[in-house]
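The chain below stands alone, shown as structure tokens; this is the form predicted alone.
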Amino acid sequence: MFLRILRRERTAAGAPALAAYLDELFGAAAGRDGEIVSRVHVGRDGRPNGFLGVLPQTMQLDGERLRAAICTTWMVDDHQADPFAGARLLKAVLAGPQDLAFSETSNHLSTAMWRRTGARVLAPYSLEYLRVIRPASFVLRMAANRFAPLGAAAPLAQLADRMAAPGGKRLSWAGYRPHAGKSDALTASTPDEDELARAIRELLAHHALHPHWSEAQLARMLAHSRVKAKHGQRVLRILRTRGGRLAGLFVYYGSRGGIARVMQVMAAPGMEGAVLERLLADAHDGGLAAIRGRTQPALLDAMLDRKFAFLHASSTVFHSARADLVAAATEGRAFLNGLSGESWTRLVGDRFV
């Protein structure tokens, strides 16, 4: 079902590898807590015809530990034959013992189902951002996605970008070049996963509602995030001020001439603009055509100042019976999306062969 419905692949060549990964992600002891579990829908003929994958996560608000259900892969086979199968799956998950449930990849149909349960759509978390760095290369890459032979024109696009590069002091919607004094305001290092995990945990404290990961849990997630064959090589950066204070970090995937997928950006309060400048400079130095990713409220103002464009492809939805948790989410005080979601899994951006 996953390959056919969500990936729209006509062959099942990757089915054994995918089955093993789904078992590791949702079935292994490290990926479940015994009560917050994934759900399978069984049709009248006794065969599975639907699935809603759930990842349990411990979160905290003002020191209180909370149980969360992250709803991920959601699919129903032959929706017309059983139009209520998806609703039954969601109802079963939301009847669980968790304090809150959310999803960062809710499409139009599933969002309508979430709304009927009383869930909130979190608009500031529900936008995809795009920042063009090299316009000719960007246009060519978008065209080559539809007609692969156009990729051979990459050298011409690169030449056009060099000729049309914006001036050093001018922000342009159609291109980017690092600005001295901005992009180099922070020092960047390439950490190992242990260093990255420590920085992530330190920066989480700036969000009122945030995950509480053990070292083993975060290490597992970062290990899962190592390879996303569809998106390119993983890039990790930790950013510090000249005095050595942690300013932020980012994780993205990309290859020269391509469009990078940003999995996570984190910034200390007041450092959002400098972190984004360093992200753009890093992508520029890596020869990327553009970057794209998922918004977080804390970064929106700084993105607007730096000519990011926004579109809506899917929604981040949030469900809880507790008013304080709903307030934290709707007011943008929660750490959601990316690592606090499903973007770190191989189901997003990787191939199974």
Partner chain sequence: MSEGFHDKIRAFIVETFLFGDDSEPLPGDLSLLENDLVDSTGVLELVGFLEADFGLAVDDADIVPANLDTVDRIAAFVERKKAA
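Positions refer to the first chain, counted from 1. For clarity, every value in this text was computed on a predicted model and none was experimentally measured.
Another form, the form predicted in complex with the partner chain, is not on view; read the next lines as being about it.
Among 123-131, 104-112, 140-148, 181-189, the region lying within 4.5 Å of the partner chain in the model of the complex by heavy atom distance
The contacting stretch here is 104-112.
Going by heavy atom distances of 4.5 angstroms or less, which of His79, His206, Arg256, Arg201 would be at the interface with the partner chain in the model of the complex?
Contact with the partner chain in the model of the complex is made by His79 alone.
Sole residue of Arg162, Arg226, Arg245, Arg116 within 4.5 Å of the partner chain in the model of the complex, by heavy atom:
Among Arg162, Arg226, Arg245, Arg116, a heavy atom within 4.5 Å of the partner chain in the model of the complex occurs only for Arg116.
Spell it out for me: taking the partner chain in the model of the complex, does every residue among Arg8, Gly14 and Ala17 have a heavy atom no farther than 4.5 Å from it?
Checking in the model of the complex: none of Arg8, Gly14 and Ala17 is within 4.5 Å of the partner chain.
Can any non-hydrogen atom of Lys91 be found within 4.5 angstroms of the partner chain in the model of the complex?
Lys91: contacts the partner chain in the model of the complex.
Test of understanding: in the model of the complex, would Ala87 fall inside 4.5 Å of the partner chain by heavy atoms?
Heavy-atom contact with the partner chain at 4.5 Å: present for Ala87.
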